[in-house]
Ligand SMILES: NC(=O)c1ccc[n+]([C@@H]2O[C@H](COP(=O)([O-])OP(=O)(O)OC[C@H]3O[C@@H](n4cnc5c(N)ncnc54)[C@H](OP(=O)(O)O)[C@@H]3O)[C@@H](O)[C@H]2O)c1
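Quick setup: one chain, the form predicted on its own, written in structure tokens, and binding and motion questions come after.
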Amino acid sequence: MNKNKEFDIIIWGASGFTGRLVAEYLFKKYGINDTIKWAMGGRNQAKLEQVRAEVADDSVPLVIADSKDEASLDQMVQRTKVICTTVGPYAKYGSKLVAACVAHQTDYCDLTGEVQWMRRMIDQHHVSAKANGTKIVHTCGFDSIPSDMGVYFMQKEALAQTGQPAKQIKMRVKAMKGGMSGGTYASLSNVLAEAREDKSIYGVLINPYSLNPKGEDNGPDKRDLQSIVYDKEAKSWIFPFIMAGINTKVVRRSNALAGYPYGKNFRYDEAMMSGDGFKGRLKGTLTALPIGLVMSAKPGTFLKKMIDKRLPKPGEGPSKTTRESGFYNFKFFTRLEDNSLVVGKVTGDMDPGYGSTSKMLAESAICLAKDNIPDVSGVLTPSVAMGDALLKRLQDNAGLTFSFG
């Protein structure tokens, strides 16, 4: 399987904002050679040629297909070991591509944070992908690599340094600079619109274990934080993190798929820190307010139209200077079995939604195509699919740091 393919990786959606960043990163970092054979893919030849001229050169092959044309997708996926896709909302444009990858045993990675769609892909493809040896790996960007690989790292170091796993980890966003991605906002809007059409989707969104294997969708964790509270361990007021509803479910799926190395009673949650005292509480309140407005705005209302005008559209994004000045700093309050506390950290060196995400996705694709990774298959999470090999790539190449204590 996956031997003697024309390409190692096809970047699908390479003419979009994030896709072009992935292509630019691959070209600058790895070039075009026999080590990594890759191509830029999309549906519009002229657009791809224009983007290629801006971020690479004519040595990069172009592949033409259409998200709605199953025959073209079948032909494309058979040419490569890995499909790396940035084309969202995935619930609208991704399902046929995943099906083609599973049918033709082509490994796959994406940037989705669309929990309801991930649940559908698990239900439709996990069993067959597991049987035929295909890796389908969602959430290979800011959601949810820092969280998923962060917990993987903290648990690994806890065992290595103390001989005991962590029974609970609280991830707290200490600091972060970067705007919301236009694609992320479009995906979020689509999730909320789908949920209003199909009320059962709300159950998937609010169940902490909704991405777990069937029959294993339970445990000690409750709903993600919905209010502003004081966290004694962090010594800070905390408020809801908009990505928590994705990241926490991915971490729990990782634990379940791996056979519960963190323990069946492992607890995990995420929130943002706003500081101590009255100022910290006020900052948390003022920062949480716009998040609540975005989440509550119904399609077609005046509020939703006003928010849509202010936030970026798919394909739009910040300047290079803005991307490079961004960063994030996550603290992992890690409670060991003996009740002692170790505080770990994960940082990223560029804005989360574009600069850091494009590097994480590119390195995930290379990891799937080239590295010695765990012999597991199905609809997987980054840590389960790629483990230590991805952890090394993230630190060596993608600007992430991981520390324990």
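Note that this is a predicted model, so its numbers are computed, not measured. Don't overthink the numbering: it's just position in the shown sequence, from 1.
Although not depicted, the form predicted in complex with this ligand is the subject of the following passage.
*Contact test in the model of the complex: Val77 vs this ligand, heavy atoms, 4.5 Å*: Result no; Val77 lies far from this ligand in the model of the complex.
_When the contact criterion is heavy atoms within 4.5 Å, does Pro314 count as touching this ligand in the model of the complex?_
Yes, Pro314 is a contact residue.
*Check whether Asp143 has any heavy atom within 4.5 Å of a heavy atom of this ligand in the model of the complex, and answer yes or no.*
Within the cut-off, so yes.
*Close approach of Ala39 to this ligand in the model of the complex, 4.5 Å, heavy atom*: Contact with this ligand, no.
*Have a look at Asn44, Thr35, Ser59, Ser340 for me and say which one sits with a heavy atom within 4.5 Å of this ligand in the model of the complex.*
Checked against the cut-off, the match is Asn44.
*in the model of the complex, which of the listed residues (Tyr90, Phe332, Trp237, Phe153) lies with a heavy atom within 4.5 Å of this ligand?*
In short, Tyr90.
*Identify whether this ligand in the model of the complex is within 4.5 Å of every residue in the set Asp224, Met272 and Phe402, based on non-hydrogen atoms.*
Per the other structure, none of Asp224, Met272 and Phe402 touch this ligand.
*What stretch, of 342 to 350, 372 to 380, 60 to 68, 25 to 33, brings heavy atoms to within 4.5 Å of this ligand in the model of the complex?*
Heavy atoms within 4.5 Å of this ligand in the model of the complex occur in 60 to 68.
*Across 187 to 201, which residues bring a heavy atom to within 4.5 Å of this ligand in the model of the complex?*
If the 4.5 Å heavy-atom criterion is applied to this ligand in the model of the complex, 187 to 201 yields only Ser187.
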